[in-house]
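Next comes just one chain, in structure tokens: the form predicted alone.
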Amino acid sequence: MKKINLKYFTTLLVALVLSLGLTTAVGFSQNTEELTVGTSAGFPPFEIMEEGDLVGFDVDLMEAIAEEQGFDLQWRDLSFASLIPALDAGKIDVAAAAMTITAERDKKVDFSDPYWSADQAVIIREESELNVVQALMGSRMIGSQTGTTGASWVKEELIEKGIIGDSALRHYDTYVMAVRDLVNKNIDSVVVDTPVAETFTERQPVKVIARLVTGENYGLAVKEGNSELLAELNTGLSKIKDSGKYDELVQKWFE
């Protein structure tokens, strides 16, 4: 019988155990679910680029949910109008972009439980003396972000009712661009969600002159039929509300 080299056998056994341990560790890492989250960074304080970093309430909200549910997040900054098509095409898993839950959108995607409520607001330059009627009628130019409920409000309440013409509404990829044009006197007003309007008044020489009561609710969006991911998001959202983390984020970004 051939003698077994005990030292060699022990070394081989240790190497095998280490190899299995490493494989297990790598396997565990690979099993951690990775989500690609789409947003549109131009909607402060929900999502904005600051010194090259994506920050905001929605960003922190999704990171908190991911921590609770064991997700790894990869972020993609897209135009707001392309978020739902990106979900449908499987290019992103979640849209976290202060997206209002509407009947039309609900036909295309599935929404989480609401996490924020808002209306629309009309903002003008700080030095402007226009009232709301003057700002939204006649030959005035109104700015809004493409694909948003602000743009929809202008279309449904002003254009379709014949109060202004189609050319009076100027579309922008982001509200940051719209407000920049407002400040530079290229347009006369901007219609934007109330919390975003308030944030712009703190950062730019603009003011709110009217609140348009629309009763909107924001939700996280997933591809239609992705009930498993939707349940995970709702569970995580419920957990951070119960733990007080949600209130901490509200205080951080809005108070």
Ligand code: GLN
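One-based numbering along the sequence shown. All figures in this text were calculated on a predicted structure; none of them were measured in a lab.
This next part talks about the form predicted together with this ligand, which is not shown.
- The three residues E63, S112 and E232 each lack any heavy atom within 4.5 Å of this ligand in the predicted complex.
- Comparing 64-72, 182-190, 199-207, 213-221 against this ligand in the predicted complex, the single stretch with non-hydrogen atoms within 4.5 angstroms of it is 213-221.
- Contact annotation: F80 falls within 4.5 Å of this ligand in the predicted complex, judged by heavy atom distances.
- Although the partner is absent here, R76 sits far enough away that none of its heavy atoms falls within 4.5 Å of this ligand in the predicted complex.
- The closest non-hydrogen atom of K155 lies beyond 4.5 Å of this ligand in the predicted complex.
- The closest heavy atom approach of R125 to this ligand in the predicted complex falls outside 4.5 Å.
- Taking A121, L87, A98, A135 one by one, only a single residue has any non-hydrogen atom within 4.5 Å of this ligand in the predicted complex, and it is A98.
- Residues are counted as partner-facing when one of their heavy atoms sits within 4.5 Å of this ligand in the predicted complex; in 47-74 only E47 qualifies.
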